[in-house]
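First comes one chain, alone, set out as structure tokens in the form predicted on its own.
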């Protein structure tokens, strides 16, 4: 069996590594950071099927996960929409999940090298799952923190402000993940103070006060910028998976789901390569083609809807259709799966 090298120990890289080891494929996985660690992430899995998790051999990890069956949308302090999810969203922190996947991978005999940053390699047998490429002219800022003892949480919440939005998702141990995307500007403050200032600057003062009155964990605060959504450039000839291949705006809750689905898509072709049944060039082409087909509709729909959350005219239109009961929530949810 030929060895597979995976650069990047996020959801796509780790879940692929687990699945390959279950198929007895030798795998070396390089991760620049160390576990456990916090990541800017919505931390709820929306739309992924049990079949995908089972095919990857990781379904057991979610047997006791927090499930959210409803979503509530707010504009400023006013609730504008309440909807039921056709498939419950799975709430789980990246801090816990990455650590569990890493342990599962090593338990199956995989070789995990943490603190090992790799250069991008267009080399036979190398899977590039090392995350997004930085976009210098990006206008987005992502912020995240965990809070405990949050009162009156209404399952999944999305709050829209003047220049961004923030989602609240319950995860394990009674914590709530708070993760937002905002237009990049100077909000002032350090650490979690930056998030409170950001919320206030975007007209979400009541939410900011509500979160601060709970029990925020300053150690969980993380921030990221240089974000670029959609298909990531410069992947020609590269076996890229996860955020390295494409990034979807966070309001969809599809980012974690797409990481798992990308790993599932690559699993069988990589097994064939390891067994000597397919050339590396054909495997790369087949996986890239399959990923485009699998995610094209989702990425297109997200690109269309995203401006409605981030412009005054878009939010006014969205408010109007929700008040009139004309928001096609279920068809939109299906299109984003």
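If you're wondering where the values come from, they're calculated on a predicted model, not measured in any experiment. Positions refer to the first chain, counted from 1.
The next section is about a form of this same protein that is not shown, the form predicted together with a small molecule.
Novice: Within 4.5 Å, heavy atoms only, which of 30, 306, 38, 288 is in contact with the small molecule in the predicted bound form?
Specialist: Checked against the cut-off, the match is 30.
Novice: Scan 95, 157, 243, 264 and let me know which has any heavy atom within 4.5 Å of the small molecule in the predicted bound form.
Specialist: That would be 243.
Novice: Is there a heavy atom of residue 180 no more than 4.5 Å from a heavy atom of the small molecule in the predicted bound form?
Specialist: Residue 180: contacts the small molecule in the predicted bound form.
Novice: So in the predicted bound form, does any heavy atom of residue 16 sit within 4.5 Å of the small molecule?
Specialist: Taking the distances in the predicted bound form, the answer for residue 16 is no, it never comes within 4.5 Å of the small molecule.
Novice: Examine residue 273 and determine whether its closest non-hydrogen atom to the small molecule in the predicted bound form is within 4.5 angstroms.
Specialist: Heavy-atom contact with the small molecule at 4.5 Å: absent for residue 273.
Novice: Residue 131 near the small molecule in the predicted bound form, any heavy atom under 4.5 Å?
Specialist: Yes, residue 131 lies within 4.5 Å of the small molecule in the predicted bound form.
Novice: Is it true that 163, 204 and 207, all three, sit within 4.5 Å of the small molecule in the predicted bound form, judged by heavy atoms?
Specialist: No, the whole trio is out of contact, none within 4.5 Å by any heavy atom.
Novice: Among 290-298, 62-70, 30-38, 274-282, which stretch has residues whose heavy atoms lie within 4.5 Å of the small molecule in the predicted bound form?
Specialist: Of the stretches listed, the one contacting the partner is 30-38.
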